[in-house]
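Shown below, as structure tokens, is a lone chain in the form predicted on its own; questions about how it binds or moves come after it.
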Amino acid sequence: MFDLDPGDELALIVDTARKLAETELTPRMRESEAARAVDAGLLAAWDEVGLAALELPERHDGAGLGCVARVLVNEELAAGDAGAALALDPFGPALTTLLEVGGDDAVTALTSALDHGASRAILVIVDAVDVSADTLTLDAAWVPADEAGAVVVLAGSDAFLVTEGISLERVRGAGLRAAGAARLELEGASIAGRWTDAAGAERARARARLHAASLLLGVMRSACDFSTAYSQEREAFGKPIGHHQALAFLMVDMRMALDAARLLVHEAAWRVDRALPCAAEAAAAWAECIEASRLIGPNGVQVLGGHGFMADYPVEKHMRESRALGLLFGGYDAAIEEAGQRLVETDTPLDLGQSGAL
């Protein structure tokens, strides 16, 4: 049965992530945005709690926890600052991609390439890539990073690791500014490792989408929470604006969209951890999160009216972050196409109810 109770150990980890977000990420979010990076204090706090090794197998000195743990922690971190959450994590979904496709050897190659968290790994998912001999050529218009010690490219059934010849040209970027923004170019870059596994690649794409989806959940939750609180303080026509029916209904719609998206993400993550088919479920959850963000982001701003566009309030940032996150890993179009294709192939509904929980 699909159990929503995280258990004492995981609940403690999630609480640690929540406190880190509330005490470190949120208070410094504008500072991190301006610097396009997180400061040394945040890095020290991150290293102390050890959340980067959450999905790293125990045999690699990690916590060995699964996808459910990652999505729960990601939501808490992103509720503080999604860009900083990306900047702090040296592995991101690049780790789980190599774990699924290449196993221990691939994970060792990645961890050896990174200098103890001083640099990050970037994951790029494409349909095909230009490979010649032992080199790889790729041009990605935008990645949320200003620098990287490794690039993992997932193309079809193949995962490639590149550690040299990485060119990142900084661009302005609208959302996730604390993580940076750059155009990534690999021009005949040497391939440090290549692994092939069709089933593993399918699971890797699912986990990458759930990684991004859980960050989006955190951003949407913050947008809902702040706009709701504001609506109880701001008055118009003699009462709080949240007591006016039209606005009250809108905020209920926002919260319903968030909760529905979260259930799909948790269900798909649960399936990943139990080695059940998960590709279509993860794609559907990712598409639902993006669709929900299109409601929540702009309307979080709308609740505040003209104030919503001012940097004095965080909702304009929430809208930018949700738009940027929704572009990752093929975005909405790729997710809905894969989910739909699997429906056609199997001629059955997505198996979201097998656990009996929904």
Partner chain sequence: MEFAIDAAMRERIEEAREVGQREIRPAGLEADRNAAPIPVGDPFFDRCLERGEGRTRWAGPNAPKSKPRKSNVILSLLLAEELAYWDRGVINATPGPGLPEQSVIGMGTDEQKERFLGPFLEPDKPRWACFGMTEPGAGSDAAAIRTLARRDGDHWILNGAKCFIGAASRSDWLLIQATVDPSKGRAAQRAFLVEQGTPGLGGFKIEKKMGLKAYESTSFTLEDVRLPASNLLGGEERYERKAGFKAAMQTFNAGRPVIAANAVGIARAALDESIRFARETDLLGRDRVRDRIEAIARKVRKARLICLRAGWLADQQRANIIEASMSKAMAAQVAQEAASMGLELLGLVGGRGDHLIEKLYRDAKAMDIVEGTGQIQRMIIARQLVGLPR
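Keep in mind that what you see is a predicted model, and the values were worked out from it rather than measured. Positions refer to the first chain, counted from 1.
There is also a form predicted in complex with the partner chain; it is not shown, and the following applies to it.
Novice: Residue-level question: is Ala189 within 4.5 Å of the partner chain in the predicted bound form, judged on heavy atoms?
Specialist: Ala189: no, not in contact with the partner chain in the predicted bound form.
Novice: Please check if Ala40 has a heavy atom lying within 4.5 Å of any heavy atom of the partner chain in the predicted bound form.
Specialist: No - in the predicted bound form, heavy atoms of Ala40 and the partner chain never come within 4.5 Å of each other.
Novice: So, in the predicted bound form, is Ala128 in contact with the partner chain at a 4.5 angstroms heavy atom limit?
Specialist: Taking the distances in the predicted bound form, the answer for Ala128 is no, it never comes within 4.5 Å of the partner chain.
Novice: Contact with the partner chain in the predicted bound form for Asp253, defined as at least one heavy atom pair within 4.5 Å: yes or no?
Specialist: No, Asp253 sits far enough from the partner chain in the predicted bound form that none of its heavy atoms falls within 4.5 Å.
Novice: Would you check whether the partner chain, in the predicted bound form, lies within 4.5 angstroms of a non-hydrogen atom from each of Trp142, Leu247 and Asp333?
Specialist: All of them do, each having a heavy atom within 4.5 Å of the partner.
Novice: Partner absent here, but in the predicted bound form, which of 148-156, 210-218, 271-279, 234-242 has residues with a heavy atom within 4.5 Å of the partner chain?
Specialist: Single hit among the candidates: 234-242.
Novice: Work out which of Pro27, Gly50, Gly64, Gly305 lies within 4.5 Å of the partner chain in the predicted bound form, going by heavy atoms.
Specialist: By the 4.5 Å criterion, the partner-contacting residue is Gly305.
Novice: Which one, Ala174, Ala260, Ala229, Ala199, lies within 4.5 Å of the partner chain in the predicted bound form by heavy atoms?
Specialist: In short, Ala174.
Novice: Would you give me the residues of 276-302 that have any heavy atom within 4.5 Å of the partner chain in the predicted bound form, in order from first to last?
Specialist: Sequence-ordered list: Ile290, Arg294, Pro298, Val301, Gln302.
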